[in-house]
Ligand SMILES: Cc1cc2nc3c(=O)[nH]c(=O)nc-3n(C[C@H](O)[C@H](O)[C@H](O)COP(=O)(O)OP(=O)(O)OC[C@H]3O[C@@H](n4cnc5c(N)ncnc54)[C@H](O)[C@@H]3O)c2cc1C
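So this first bit is one chain, no partners, the form predicted alone, shown in structure tokens.
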């Protein structure tokens, strides 16, 4: 039975950050990873470009039941510390309107830098392809049981992630390990995912991208809004703006509520301004049909769909329609309705909503139930919006838990 000072279960961005932070003390660390390679999930972040963090930080960027606690953790290790950390790893970063990327915009560079740094640490042992079956707290530490081996340690950090990205080794096993030790679980759902619709026109607009302001309606009431690029698919709608709203849409769907989107395809004008604009275009270009007039600001494939919502066709002459019918067209452009009836699951989601309740850990991310047990990353009930926030949470929580566990071990050795 091999003994270590600290065992970290899960070698994603949070686990690797925790290992490096803890390794600065003279302690022996075992880093266990279920897949065949550490840091695999990093490779798909930011569409392979790895959006490390964001210079804009606000609690609205992190969804959790304990916002003040998250802010305190970010104050201790935030974007500036993250940039410095990666400089120390030899990675230059670039700022793209607040979105911080590695300079070469290659996620593999980040994963390789982590692997190289950890490989150079003589007090970190890495075991890949190692699934942890149990973590058992005892009077003097923990037993960590895998399929073939049992290890003991003074402290354990669980950084196993959630359910999102099962192809990268995320199977929610950490929730089970924590549950066996008495921890609760905020219900988990996919977050930052695409939404499904049964609208009959979807195959005709598949592949179209356009800008819009999106309002998420729950049981007919407008609840949340986002702006950005939409991506139409044959199953529904995707894109960053949709991802940002998906957390709330998924929860509402799971609660059996009616979910729909209202899409504003021309944010620069209100309804009165758009009506006047159309009137001018109709007067100046009476020879144009409706399809030609709307081509000036709508994607070609989307134009007939928007017109159909107003009971018009691309061939109609707008100077021949009534004022009420023109108002219907304005509403179709400014608040196009899309009923949502589902969402893509964990295999496509970027992150998991829910997890270990933050009220069950201290400001050091130590369990309130077991001394020496810590958590970091997606396993906790914190999920960020798109824009580098989930990686920042992984780095912040990993660094804080790693330092705290090392301090706990040093104190334990002195007792």
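Quick caveat, the model's predicted, so the values are computed rather than measured. Positions refer to the first chain, counted from 1.
Unshown form predicted in complex with this ligand; subsequent notes refer to it.
- prompt: Does the trio 137, 155 and 372 actually contact this ligand in the model of the complex, every residue with a heavy atom within 4.5 Å?
  reply: Negative, none of the three is within 4.5 Å.
- Item | Listed residue that, although this ligand is not shown, lies within 4.5 Å of it in the model of the complex (heavy atoms), from 121, 288, 131, 334 | Comparing distances to this ligand in the model of the complex, the residue within 4.5 Å is 131.
**Prompt:** With the partner removed from view, which of 362-370, 22-30, 375-383, 63-71 is the stretch that lies within 4.5 Å of this ligand in the model of the complex, judged by heavy atom distances?
**Reply:** It is 375-383 that comes within 4.5 Å of the partner.
| query | Should residue 303 be classed as touching this ligand in the model of the complex when contacts are defined as heavy atoms within 4.5 Å? | reply | The answer is no: residue 303 has no heavy atom within 4.5 Å of this ligand.
| message | Taking this ligand as it sits in the model of the complex, is residue 160 near enough to touch it, meaning that at least one heavy atom pair lies within 4.5 angstroms? | response | Residue 160 belongs to the contact set for this ligand.
query = Though only this chain appears here, would residue 55 touch this ligand in the model of the complex if you measure heavy atom gaps against 4.5 Å?
reply = Heavy-atom contact with this ligand at 4.5 Å: absent for residue 55.
Fill in: Distance check, residue 14 to this ligand in the model of the complex, heavy atom within 4.5 Å
Yes, residue 14 lies within 4.5 Å of this ligand in the model of the complex.
> Mind listing which residues of 226-255 have a heavy atom within 4.5 Å of this ligand in the model of the complex?
Replying inline: Going through 226-255 in order - heavy atoms within 4.5 Å of this ligand in the model of the complex - there are no hits.
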